[in-house]
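Form predicted on its own, single chain, as structure tokens, below.
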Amino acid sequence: MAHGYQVVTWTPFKKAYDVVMLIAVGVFMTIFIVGGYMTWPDGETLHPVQLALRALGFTAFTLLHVVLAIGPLSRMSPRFKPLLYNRRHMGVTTFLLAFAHAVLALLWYHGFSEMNVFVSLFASNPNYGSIQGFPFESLGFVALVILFLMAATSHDFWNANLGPGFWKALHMLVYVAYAALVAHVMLGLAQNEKSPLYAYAVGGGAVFLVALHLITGVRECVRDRALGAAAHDGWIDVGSAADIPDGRAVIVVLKGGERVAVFRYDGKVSAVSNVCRHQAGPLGEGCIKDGLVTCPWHGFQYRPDDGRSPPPFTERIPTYNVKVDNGVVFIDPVANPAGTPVEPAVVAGAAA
């Protein structure tokens, strides 16, 4: 977290993350350019600018696939969760690559026009009624604007001032950008590419992402039904305290779909909202670290007994009353106001 919106110090993990990402981008572009030279059809003129355009665009498009795959993959396996901590770095890099692609394309194809380059971009081909001649550049422009908005608001300053709900809705536009880019690439290939290889790659990537999100969604629905808890005298039966891993949580789905993270730690049990105030991360998939509930997405922390972030941070989440009866954990389904202190329930016989 960046209190007061100060510049966050780059940790060794962040540095390693960014170095690996940049090396991977460089290697990918190098392979693409070398492969482009080697496979370019004989007799057709190849200009380095055209190859650079393709390399920048295809690298940005590929990196966007990685960004969109990290979320569902991390829900399927905790091994991918470290990638979530700095996923925004990939998002900003994606925008920068796409921006470089757009600027180069604008200058190369419209820079020599007598009219303004932007006027030329939108006025040179108004054939919106034809698939073969569709001005696919306009779709790329729409996607670039969305990626710019996401990159420009990636800092926590915007998350705090726009509000988590609006900020999240804004960043969900990435799926609109992705759909626009798929159409942009496919329509461009239809006009300029004879080989179906690129079309197969784009179509395969889209099918992979759709399938990955669908599988994750189905798993979530099945898990929600399995986690649906039964009520006893107004209290929700969570199950045996012994079944909750120490320092971890079980997630309980209340009537209406609200999720509660029930943590066991130091021989005690506490229950808090499963939704992190930062980017709505699943707190119940995190752990107790240094005595604090730690979000698995970006490391935001809260005290388990009152749902408050440690000073100087000010985030708060709702808490729930909890009790342990004969080793079975129960929670009150009515949430307390965010930041309300609740005495943890003691697990009988547990070592503190």
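Because the structure is a prediction, the values reported are computed rather than measured. For every residue, the number given is its place in the sequence shown, counted from 1.
In what follows, reference is made to the form predicted together with a small molecule, a form of this protein that is not presented.
A.B. asks: I have 268, 287 and 343 flagged as a candidate spot, so tell me whether each of them has a non-hydrogen atom within 4.5 Å of the small molecule in the predicted bound form.
C.D. replies: Per the other structure, none of 268, 287 and 343 touch the small molecule.
A.B. asks: When the small molecule is placed as it is in the predicted bound form, which of 211 to 219, 166 to 174, 238 to 246, 103 to 111 ends up with heavy atoms within 4.5 Å of it?
C.D. replies: In the other structure, the partner sits against 103 to 111.
A.B. asks: Would you classify residue 71 as touching the small molecule in the predicted bound form, given a 4.5 Å non-hydrogen atom cut-off?
C.D. replies: Because no heavy atom of residue 71 falls inside 4.5 Å of the small molecule in the predicted bound form, the answer is no.
A.B. asks: Is residue 181 near the small molecule? Define near as a heavy atom within 4.5 Å, in the predicted bound form.
C.D. replies: Yes, residue 181 sits close enough to the small molecule in the predicted bound form that at least one of its heavy atoms falls within 4.5 Å.
A.B. asks: Do residue 149 and the small molecule share at least one heavy atom pair within 4.5 Å in the predicted bound form?
C.D. replies: No, residue 149 stays farther than 4.5 Å from the small molecule in the predicted bound form.
A.B. asks: At 4.5 Å between heavy atoms, is residue 321 in contact with the small molecule in the predicted bound form?
C.D. replies: No - in the predicted bound form, heavy atoms of residue 321 and the small molecule never come within 4.5 Å of each other.
A.B. asks: Which of 53, 67, 292, 29 has a heavy atom within 4.5 Å of the small molecule in the predicted bound form?
C.D. replies: Contact check passes for 53.
A.B. asks: May I ask you to choose, among 195, 161, 192, 124, the residue with a heavy atom within 4.5 Å of the small molecule in the predicted bound form?
C.D. replies: For this set of options, the contacting one is 192.
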